[in-house]
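Single chain ahead, written as structure tokens, the form predicted on its own.
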């Protein structure tokens, strides 16, 4: 893999993990961060060149790809510059601050004929991948209901978007992927109980065809970190923990708890990204996935504001 050159933009809370994994994959070439001290620190640690100006990095380095791990409000500006230069681009979720920006990125990627993908990491969680296979093969019959809980105390790192765009989008994407279709209905209630200006808790219902539904509960209020999913099927139930990757399958014959080796989802995700850059194949998370997740998140906020369901045609 060492024939590729990838640059990381943004080396803060999540970006530092991209640095670590890409360095392990031997494809980390350079990094960029507006904080000179932070840029210098990671540059010394990973022995790669550091920049504080993204455009300068693009001009001076012949990069195969960039990983954008900056605040959401900057995603469009940075990703669009990379795409215009013909550089393959990985953008952490959410893809953009608005659906209109997302549509522009899709057009840029299409015109530039380069890869654009978005960091929806749960698709690469081994427990979720196994559940996806079980649903596809109808091991427990047809899926009816997905229930998600993604909760923890706000750490203060995210300030430019609320819990829906930052947190709920993980489960919006997972629901779309597991059901393998788009929701046509969104109903939500969101609110704010902390001191910030953005919503910090949300309950979202997504309606799919044939009465399938997803309930998504997200908050930055509760002190205990929780990342769980339940899949109710016509012949049984799957429960899993995103963090521990432990899962349980219950049906009329009893309970099955699979044994599997723990694997870091980010490593799997970035291995996949590197392979797509090398081979030119389509990524698992396509640009339209990033756009549709943003559209659904915007619909959830609109639903809460109006007190009515929002109907979509995606």
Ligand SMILES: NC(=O)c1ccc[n+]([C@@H]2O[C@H](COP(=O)([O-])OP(=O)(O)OC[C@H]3O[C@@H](n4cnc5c(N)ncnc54)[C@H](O)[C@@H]3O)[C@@H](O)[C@H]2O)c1
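Positions refer to the first chain, counted from 1. A quick note: this is a predicted structure, and the numbers were derived from the prediction, not measured.
Another form, the form predicted together with the ligand, is not on view; read the next lines as being about it.
Visitor: Determine whether any heavy atom of residue 126 comes within 4.5 Å of a heavy atom of the ligand in the predicted complex, and answer yes or no.
Guide: No, no contact at 4.5 Å.
Visitor: I'd like to know if residue 70 sits close to the ligand in the predicted complex, meaning any non-hydrogen atom pair within 4.5 angstroms.
Guide: Yes, contact at 4.5 Å.
Visitor: Using a 4.5 angstroms cut-off on non-hydrogen atoms, would residue 29 count as touching the ligand in the predicted complex?
Guide: The answer is no: residue 29 has no heavy atom within 4.5 Å of the ligand.
Visitor: Answer with yes or no whether residue 74 is in contact with the ligand in the predicted complex, where contact means some heavy atom within 4.5 Å.
Guide: Flag for residue 74 set to yes.
Visitor: If you check in the predicted complex, do 15, 93 and 121 all have a non-hydrogen atom within 4.5 Å of the ligand?
Guide: Checking in the predicted complex: 15, 93 and 121 are all within 4.5 Å of the ligand.
Visitor: So the ligand isn't shown here. In the predicted complex, which residue out of 233, 221, 139, 78 has a non-hydrogen atom within 4.5 Å of it?
Guide: After the contact test, the surviving option is 78.
Visitor: Work out which of 34, 50, 58, 268 lies within 4.5 Å of the ligand in the predicted complex, going by heavy atoms.
Guide: So the residue touching the ligand in the predicted complex, by this definition, is 34.
Visitor: Counting any heavy atom within 4.5 Å as contact, can you tell me which stretch out of 113-121, 209-217, 240-248, 183-191 lines the ligand in the predicted complex?
Guide: Selected stretch: 113-121.
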